[in-house]
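Given as structure tokens, the chain that follows is alone and in the form predicted alone.
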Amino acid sequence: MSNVMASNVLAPAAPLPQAGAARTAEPQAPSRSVRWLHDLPVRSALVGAASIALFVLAWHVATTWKLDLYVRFMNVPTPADVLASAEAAWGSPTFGSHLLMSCRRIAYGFALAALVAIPLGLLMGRFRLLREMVFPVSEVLRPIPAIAWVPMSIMLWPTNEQSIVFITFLGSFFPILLNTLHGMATVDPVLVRAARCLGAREAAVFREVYLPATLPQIFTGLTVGMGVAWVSLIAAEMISGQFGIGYFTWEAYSLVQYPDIALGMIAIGVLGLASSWTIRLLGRLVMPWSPAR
């Protein structure tokens, strides 16, 4: 046994790894120029422009060759036809009036939904009794689609314009309410107790704790609500409207003007994109601490 112990003591130690080898095994950080190019804001715009260009190219190929691969492109207008229709539409004041009418309805309905849903969601998240009273009713009304509300809204409101704004209001109300309520549920109770220990009253707790912690969820609800508001508005304009971009698109289908149908759809997409982008920009201004910045 002593021989074994002596051999273990006299055995040479394992060679230590060299510092150079350890450094070569570590992944090298990208250079400053590569990081700058990766974080460049223009990069996202270029990638987005390239994706849109590829989409238009695929659209051009499918409509020019009249592809019929179960999905038929025989009657779909080409990008050139839609461009010619857009040039004619911009030369007429009718198309501009349709756009302005839809934007005005969206502004009214969405603003009313935000003014009602955000305070209601905050109060529902703070007071359990109010949540237990309002939440079941909202969950029953929320799955009803906008098209189903058209006959009821015509009976409820004296004018056609008010009924369309009401449908737009309903489309954006429920996403804003639910996201605000979810944001209130995620507020850290330690922050609330700390504010009360420092002498903050209920209004100050709402202003300094609940509202800043809930703002990310509120702006998520605003973004989602804006998209649903456009869907609801177009459905209402197609059924009961006499003006608006939805009515313009449905009238083009009734008159078999296929380029105008595509033009109306593109206008709806661009307006929806601009609305959502405006809300995201406002969120970055209101929440400079947000990591999404």
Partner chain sequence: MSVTSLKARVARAGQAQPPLDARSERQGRIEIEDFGLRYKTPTGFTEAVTGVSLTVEPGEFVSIIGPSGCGKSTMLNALAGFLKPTSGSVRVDGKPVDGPGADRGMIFQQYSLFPWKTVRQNVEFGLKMKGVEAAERQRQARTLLGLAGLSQFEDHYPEALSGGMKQRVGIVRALATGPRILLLDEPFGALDAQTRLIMQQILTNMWQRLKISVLFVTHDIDEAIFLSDRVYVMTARPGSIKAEIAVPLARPREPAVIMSSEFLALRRGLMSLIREESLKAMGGEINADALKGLATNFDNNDLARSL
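The shown structure was predicted, so the numbers you read here are calculated from the model rather than taken from an experiment. Positions refer to the first chain, counted from 1.
The discussion below concerns the form predicted together with its partner chain, not included here.
Of the listed positions (V76, A213, C103, V134), a single one reaches within 4.5 angstroms of its partner chain by any non-hydrogen atom in the model of the complex, namely A213. This chain appears without its partner; in the model of the complex, the one residue of P119, P143, G199, P158 with a heavy atom within 4.5 Å of its partner chain is G199. Among residues of the shown chain, R72 is not one whose heavy atoms approach its partner chain to within 4.5 Å in the model of the complex. At a distance threshold of 4.5 angstroms between non-hydrogen atoms, D81 is out of contact with its partner chain in the model of the complex. None of the heavy atoms of R128 is located within 4.5 Å of its partner chain in the model of the complex. Put simply, L191 is close to its partner chain in the model of the complex: some heavy atom of it is within 4.5 Å. In summary, the region of this chain contacting its partner chain in the model of the complex, judged by heavy atoms within 4.5 Å and restricted to 203-211, 170-178, 105-113, 85-93, corresponds to 203-211. Of the residues in 274-288, only P288 comes within 4.5 Å of its partner chain in the model of the complex through at least one heavy atom.
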